[in-house]
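Included below are structure tokens for two forms of one protein chain, each presented in isolation as structure 1 and structure 2.
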Structure 1
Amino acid sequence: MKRKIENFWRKYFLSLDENFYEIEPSEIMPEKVFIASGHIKNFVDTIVICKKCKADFRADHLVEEKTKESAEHLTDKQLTKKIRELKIRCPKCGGELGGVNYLNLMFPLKIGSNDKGYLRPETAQGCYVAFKRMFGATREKLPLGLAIIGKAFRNEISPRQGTYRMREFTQAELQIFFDPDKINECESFEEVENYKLKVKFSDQKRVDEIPCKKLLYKLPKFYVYYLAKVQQFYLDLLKIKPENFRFRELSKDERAFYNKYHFDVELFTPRFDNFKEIGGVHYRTDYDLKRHEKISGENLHITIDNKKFIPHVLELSFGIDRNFYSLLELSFSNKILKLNPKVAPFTIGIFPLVNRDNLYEKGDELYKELKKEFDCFFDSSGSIGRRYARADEIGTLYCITIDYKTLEDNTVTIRDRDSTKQVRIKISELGDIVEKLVDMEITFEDIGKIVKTRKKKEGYRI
């Protein structure tokens, strides 16, 4: 399922422009890269240690759990004061917490015998280091998009909340390099000008639905276009319900100092009973390339139409593991994992009605043929109703049942996960129909007449 999310992201975002490419740089990078990026100096989190049991915690998280409000923008002194005011104690032993300090989150390591390096804390720096070579290799055109899907590593103080916060995780990021003089230009903007974005600005508590063209008084056209494309990815393709999605603007105190515009992509999840960040859209200006030029000594200016400049960067950043978790939670309903067809772990489950009279062999034959094209599994254990239930719980889209009529006319029943309805179709047409269903070119009702099934047993239509 995780791999499918990555491939879905890859296909969608790399198709937004013909000059977008995926690269795969090193996960280990020398210290100078992170001096240039500012990670050595600024990549820190607030830490507080229990005076009694010596356990350590993210200070801002403790305050957020108590207040249900963001605390990332608070300083160490402000957090220390808040912890005292809210009378927050050690979550492990109930002991008194000490003062709040800072901890750098990167994992250091030795390269060769003496050189110092780090595991990358984000994938973005690989794009900035590779920019000049990739610009030349792609015929020196802008905008240029460089994407990376890969591992990042952070020495989290208190990793928890399942896959939401980990020390080793997967990011999918797209860095778009463009001419800053053209930030209010976008050839495809007409596609989204009337599309409404769900936006919560930093100076208000409500979420507004605002057409893209009405946001141009506040945000540049190039930026708004990619906000729209990100929202469409979640609402139109991943089928997230609109009430569970929003963009939240970060205030100047919250966002990185180099980000001129910064909106987090947030999804509501019942476990946290709140909206949580799963991605972001950041206008990083020319900060990154300027810093790398200064520290490396390499000229990162480019020349287009006799104009020499350093490109600016628009970053689309997503945590794959956070998206994975959020999709699971938002898709689970009444013992059924109603995942989008593109990311469901299995497309087909193949079930012989019974394990005799050549039904098992017929089912195994069909499984071996279909697994060449689809993610599928073969299950002959237990009653057919229990097998349907197991398939629903893991999000399997369609259950194929081989019964006695199959032996007569080479037809099978195909059962839809979400409606539990069944249709009888020819085996020869099965692959083509399933492919069209997954691509959402047709609906289940389009493929044939709904057949009657046996009466419900144990709460399940079988």
Structure 2
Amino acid sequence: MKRKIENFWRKYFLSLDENFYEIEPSEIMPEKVFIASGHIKNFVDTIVICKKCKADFRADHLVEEKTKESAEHLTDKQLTKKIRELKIRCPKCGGELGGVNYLNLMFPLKIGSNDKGYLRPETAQGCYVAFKRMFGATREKLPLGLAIIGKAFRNEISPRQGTYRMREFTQAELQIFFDPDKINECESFEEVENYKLKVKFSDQKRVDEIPCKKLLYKLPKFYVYYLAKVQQFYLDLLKIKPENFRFRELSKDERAFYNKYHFDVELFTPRFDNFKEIGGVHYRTDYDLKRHEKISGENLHITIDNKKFIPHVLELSFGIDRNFYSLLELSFSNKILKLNPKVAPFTIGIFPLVNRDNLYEKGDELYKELKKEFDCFFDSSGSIGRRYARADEIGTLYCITIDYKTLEDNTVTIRDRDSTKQVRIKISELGDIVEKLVDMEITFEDIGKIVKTRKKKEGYRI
């Protein structure tokens, strides 16, 4: 299922522009990259140690738990003061806490016998370092999009909340390099101009639904277009209910200083009874390329139409593991996992009605045929009802039952996960019909019609 989400993301986001590509730089990168990116200096968490039991904690989290307000932007000194003011003590032993310090979140490594490197804490830097070469290799056009789907690593002081804060996690990130003079140009903007975005501005409590064109008074066209494309990915393709999706603008305090615009992508997550960040749309300006130019000494200016400049970057960033978890939770109700056909773990379950009279063998034969093309499983144990229930729980889209009629006329019943409706079709049509269902070219209701029409033609009595 995780691979399917990755493939689904890849197909959608890489096809947004013909000049978007996936690359795979290494996960270990030399120290210089992170001096340039600012991670060596800024990528730190605030840590506080109990004077008594020596346990360590995230200082901002301790303050947040007490105040129920974000404390991520506070400095070490401010946090130390807050901890004293709020009289926060060690959650483990109740002992007195020490002063707040910074701890870098990257994993350091020795490369070979002498060079210093780090495991990347985000995938983005790989794209910035590769930009100049990729720009040359793709015939020097902008916008140029470079995507990475891969691991990132953060030595979290306290990993927690399941897939939400892990030391090793999978990111899918797309860096779009563009000409800043053209930030208000966007060829395909018409497609989305009346499309309503669900946005919570940093200075407001409510979520507004605003047509894209009405956002242009405060956000550039190029940026709004990609907000729309992100929302469409969740609402139209992954079928997330609109009330569970929103963009949240980060206030100046919350966002990185180099991000001119920063909206988090948030999904409502029942487990936390709250919206949780599962991605972000960041306008990073020319900060990264400028820094890499300075530290590496490599000229990262490009020339297009006699204009020499450093491209700006729009970053679309997604946490695959968080999306994975949110999708599971938002799709599961009444013991049915209603996942989109493209990300559901299994497309087909195959069940012989009983395990005798050749029904088992017939089912096994069909299973071996269908699994060449679809993700299938074969289940012959327990009652049919129990098998349906098991299939529903893991999101299986269609259940095929082999019964005595199958042996007579090579037809099977196909059952729809979401409606639990069933219809009898020919085995010879099965592959074609399921393919069309998964591609959402037809609905399950259409099958009934197709079968009726065919039967009429063939002179069946209906």
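We call the rigid core whatever largest set of C-alpha positions still superposes within 1.5 Å between the two forms. No experiment lies behind these values; they were computed from the predicted model shown. Residue positions are counted from 1 along structure 1's sequence.
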Which of the two structures shown, 1 or 2, corresponds to the form predicted on its own?
1
Comparing the chain between the two structures, one rigid part rotates relative to the other; which of Tyr223, Leu359, Phe43, Glu122 lies at the hinge?
Phe43
How much does the lesser of the two rigid parts rotate between the two structures, stated in °?
11
Aligning on the rigid core, one finds that Asp76 shifts at its CA between the two structures, in Å, by 3.3
